[in-house]
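Shown here is one chain on its own, the form predicted alone, set out as structure tokens.
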Amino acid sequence: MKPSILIIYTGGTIGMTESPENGALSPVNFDQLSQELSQLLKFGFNITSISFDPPLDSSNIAPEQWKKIARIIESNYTKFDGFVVLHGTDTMAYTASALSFMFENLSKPVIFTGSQLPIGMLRTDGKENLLSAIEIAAAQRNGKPIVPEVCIYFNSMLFRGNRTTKIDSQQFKAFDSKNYPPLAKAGVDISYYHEFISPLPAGTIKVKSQIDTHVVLVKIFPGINKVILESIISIEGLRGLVLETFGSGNVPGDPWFAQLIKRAVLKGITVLNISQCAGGSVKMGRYETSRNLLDAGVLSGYDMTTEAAITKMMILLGQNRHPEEIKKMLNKNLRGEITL
């Protein structure tokens, strides 16, 4: 039987056109985009598309749109062998990370892709990205999907979605995965690195669509202000705080800093420590400047990306679990997002 693929077009540069008046890029509908891709017919796949109306710049993609994508996949799950999500690059890693945590027991490929140049431009990277993403979403071995997880395909590389970060706004190599190897690489052939791909799950797919956005991200910098940090942890309803710290999890050694963080933890705010470095892992207690965080009850985010840390916390907090269970799950490898 022919593989069947559902393309979900959310918007983004891949489907944009340039305004003749001011040169600004704005989204078009998928019908216009598909006119540029007569090559789709050569696959011989059964390809169906669903488009956001209106298509959105990825800067406007928020948790409500994560839910919308998840609902589309859930309602079409039995009808298709794989899914390709066309998405703007700016927040693609956030959406891919969120979807990875929203789906439990996912057994089919969900491949995010997009482009740095609109697909109608001569030098576009969009055609190769989309065509290869479709081929990966349809790929099977012994009758089973090769990549049964949420991924990002870009510039010949397939990465686990919740391990990926956008690293460049100008180059075609827009994404990288510093702390986990690629799952596949496309050249003349597509080479799959099976040892790094998640195995097929045994259970039935479930979708966790409750998301709590009472979360804040604070990037630590030299000279961070006590009054500002104090105002942040005093936000009414705040439930989660992600700290982007120096190196392997370090913060300024001023006594007030640890005191404020401890106050946040005692208020019931879950505090997670991740590194602002592109690669490497948090190792709390390695230096004296991180031991105070450990003593205050801060959790280590190990080598999670910022995108994975934020979305994982939002989704866990949305499930109304006991705070201690949330802490345990933040430190647990749920979808291949963390190296323990």
Ligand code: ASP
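Counting begins at 1, following the sequence as shown. Bear in mind the structure is a predicted one, so any value in this text is a computation, not a measurement.
The same protein has a further form, the form predicted in complex with the named molecule, not shown here; the description that follows concerns it.
Among the residues S100, Q116, N250, T270, the one placing a heavy atom within 4.5 Å of the named molecule in the predicted bound form is Q116.
This chain appears without its partner; in the predicted bound form, the one residue of D212, D176, D81, D90 with a heavy atom within 4.5 Å of the named molecule is D90. Taking the partner from elsewhere, S58 is found to have a heavy atom lying within 4.5 Å of the named molecule in the predicted bound form. Contact check for M16: a non-hydrogen atom falls within 4.5 Å of the named molecule in the predicted bound form. Partner contact region in the predicted bound form: 81-89, out of 81-89, 224-232, 190-198, 252-260, criterion any non-hydrogen atom within 4.5 Å of the named molecule.
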